[in-house]
Each structure stands twice: as structure tokens, then as C-alpha cells.
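Heads up, what comes next is one protein chain in two forms, each shown on its own as C-alpha cells, labelled structure 1 and structure 2.
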Structure 1
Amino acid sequence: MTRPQKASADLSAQIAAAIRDAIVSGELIVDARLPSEAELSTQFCVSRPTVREALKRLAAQSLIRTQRGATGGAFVNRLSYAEAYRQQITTSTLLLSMNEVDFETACEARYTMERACAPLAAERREDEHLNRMRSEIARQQEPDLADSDFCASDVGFHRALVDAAMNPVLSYQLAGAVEAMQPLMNMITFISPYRETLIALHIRIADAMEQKDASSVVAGLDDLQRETMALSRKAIAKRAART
């Protein structure tokens, strides 16, 4: 954790980079305590506010956590799957919403990845996953369900499918792809007949999962992608017609 090198950047950014490097390189291991803010400020020859800004940067990336009190301080944080999920989702959501990624590209990416999970999911699925899928389907059949809740349930259904692959790294990677689609999906209005088509496909996929029939799951996802894309085209056409 020596003096940072890259000039022409904020001191706080330089210090944050230096500490981050120390963490990533393993020089600072999980749960290790960093020097106190006062010590860091003398080490780096900067004031405490500057050190604090650096620490806040790291905290924003969940690289450290801080504790007040006598034995408090900043500690290297173990990045939990839950935290990683959260960051993955926010980053993906922002990327999709701010970069004007068209629906088809995002949709293709999502279903491509999801199809990849299907073989593992079909083979390893447990009753828990099947139950989650079934209960989301039941929710989707509620007649007075709002569009946004329908989409949320859709996300839940697909996450259950992904989780069934029993590979946490895969679940983590897919989390972004699946959840980030929700805002885009929310722009589609799911009127009754369309919902029924999607639900029928969900049922088909769940049945295939129950029988551990991987190729049918893949085929179901294929159809679901086609259906979703067709729906989005309709929504876009309708929006264009209105203007």
C-alpha cells in the first residue's frame, strides 16, 4: 500500500486505487482492518476528508465496510453473492436504459444465456425450483394483476429456472441479464390474450423441467423468445401509430 503513481487525478481517486489494488492483489485479505483514517492520512500525506472520500469510493463498490467505535475502522469486505447480484443488476439496468439498447438485442442476449442454463437446470432441478416456477405461473394467472407485477413474476419464473442449474456463478451472471430486462418489459402492455400465450409457454417449460427434458425446455425458451420479440414489435408499432 505505497504511494499511488497515476498523477492528474483526484487524490482521493488515487488513494482509492492504491487501496483497491492492495485488496485485489491479496495484499489485504478479507476482514483485514485498514489503518485508521488518521493513520492513512499521514501515510498518504493528505488530509482526513480526502482519505474519507477515498474510503467512501471503496465502500460504494462494497470493497470495504466501516464500523464506528473503539475497535472500529474500515475492513476489507467479503463480496457476497447477494452484493454481487445487486451490483450486477444495477449496472446492467443502467447500461440498458441509458444506452438505448434496443429490445431485440437485450432479448436475444438474455434468452441465449438462459437457453444455455436449460440443460443443467433440467438435470439438476429440485422440487423447490419447480414449486417456485409453478407458483409464479399461478400468480401470472391472477386476473387483476398489474402489468408491472406480471413482469416481476416473469422475472421470478426465469430466476427459478436459472437457479435450478445449481451453479451460483451462473445465477450471478444471469441475474443481470434477466433482471435488467424488466424495465424494458414494462414498456409492453400485456393484455389478456398475450398473457395467456406466455403463460401457456411457461407451463410447457415447467412441465419439461418436471420431466427433466432438456431439449423441450430449450424449445420452450426458443418459442418464448420469439413470442416476446413479436410482442415488443407490436408495442413499438402501436407506439409509432399513436404519434
Structure 2
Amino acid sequence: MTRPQKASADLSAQIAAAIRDAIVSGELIVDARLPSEAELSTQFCVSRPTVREALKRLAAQSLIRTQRGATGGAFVNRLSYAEAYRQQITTSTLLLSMNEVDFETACEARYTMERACAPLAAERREDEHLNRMRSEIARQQEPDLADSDFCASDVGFHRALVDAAMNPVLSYQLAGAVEAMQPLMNMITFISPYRETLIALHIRIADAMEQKDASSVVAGLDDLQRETMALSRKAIAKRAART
């Protein structure tokens, strides 16, 4: 592991980065025990509290776990798909909510990636995926459904579409693009005519999925992207007019 440059004010971040790089490169393998705090302190020429802070950073990223007792210490974690999935959503949500990425950029990325996985989804979809999509459409048609619940249902619909591709890498990559957009979608008021338009497109896409018609799924996603972006522009303009 590379020793951090002492000129930096945040040595704990540099130590965490060095250990993370060792894990990613395979120098430290899964379940390997890290050196003790005292050994790391000597290795990096820093205080034990600085090492402790670095280990906290790594634990927060689920890269290491700590165990107490005589055989305890810090160990390289076996990161599960579920944990990585949640982290992807959390990171993407923070980026979007902090305006690091604007709505249209996020929307463009979401639909571009969804269109890319549509052929696989149409080919491999199972009844379970279709049932999930139909269930969300039924939920969206509930007359008293709140806007935030409509957005959550929209996420569920698209999640089912992506999962139908039966490719965990695609599901992981799209987790941030689809689910992290929900807080931004919550700013849109889905009055009745708009809901009807979006629901009609959802039905069209679900029908195309059932028929394994990939080109029609892609065309439906094209139209859905245009409608979603038009709605967001109206919402942003309306909010700007209030200020």
C-alpha cells in the first residue's frame, strides 16, 4: 500500500484511498485481515486516531468490516450485490438532489440506458415482470393516488422493465438512473391529463413487452422521455414563476 503524502490536510482520506486501492487491485483479498491500528499507524507514519478515521471511511463504503475479540480486527468485506445496489442508488440520489446533475441530463441518461436494455428485456421477460408492470399501471390508475406515490409506482414500473433483461450488471447500472430520479420526479405535479398520457404509454410499453416487440418498447420509451421532459420543464417554469 502506498504511503500518503504528508502535505495533505486529510491524511485519513489518503490512507483510506491507499487501502481501497489495495483491495480493488487484489493485493488485499476478500476476508483478509488488515494490519492492526498500531501497525497501520507505523506503516503510514500517522497517529492511531487518523488510522481509525480511515477505517471508518472504509467501513462506511462497506469495503471492510470489524470484529471484536481475540481473533478480531478489520477484515476485507465481501460486498454483496444488494449492498452495492443500495450504494449506487444512494450516491446517485445525492448527486441529483444536490444539483450536481440536472433533471434533463439524468432523464436523458435514464431513457438512453433503458432503450439499450429493451431488446434483452423484451426477449427474456417472464410473467413475473409483466405482472409487476401491470400491477404498477393499476396502482397509477387509482383516483386518489398522491403525486409522490405515483412517482414511486413509476419507478416500480421501470424497475420491472429493467429487471426483465435478466442481467444484474444492467440492473445495477440502471439502479441510479431509475430509482435515484424519484426525488426529482416528486417536484412534478401529475394532474389528471398528464397521468392519463403517462399511463397510456406505460400500457403501450407493457403490451409491447408481452408481445416481445423490442422496437415498440423502444418507441414507447422515446415518447415517454419526451413527455417526462416536457412535464419537468413546465414544473421548473412554474416553480421559477413563484420566486
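C-alpha atoms forming the largest set that superposes within 1.5 Å between two forms make up the rigid core. In this text, all values refer to a predicted model and were calculated from it rather than measured experimentally. Please note that residue numbering is based on structure 1, beginning with 1 at the start of its sequence.
For the form predicted on its own, the corresponding chain is the one labelled structure 2. Checked against the rigid-part motion between structures 1 and 2, the candidate from Glu126, Gln211, Ser80, Ala138 that sits at the hinge is Ser80. This chain moves as two rigid pieces, and the smaller piece turns through 18° between structures 1 and 2. The Cα position of Thr42 changes by 8.6 Å between structures 1 and 2 once both are aligned on the rigid core.
Relative to the superposed core, Ala54 has its Cα moved 3.9 Å between structures 1 and 2.
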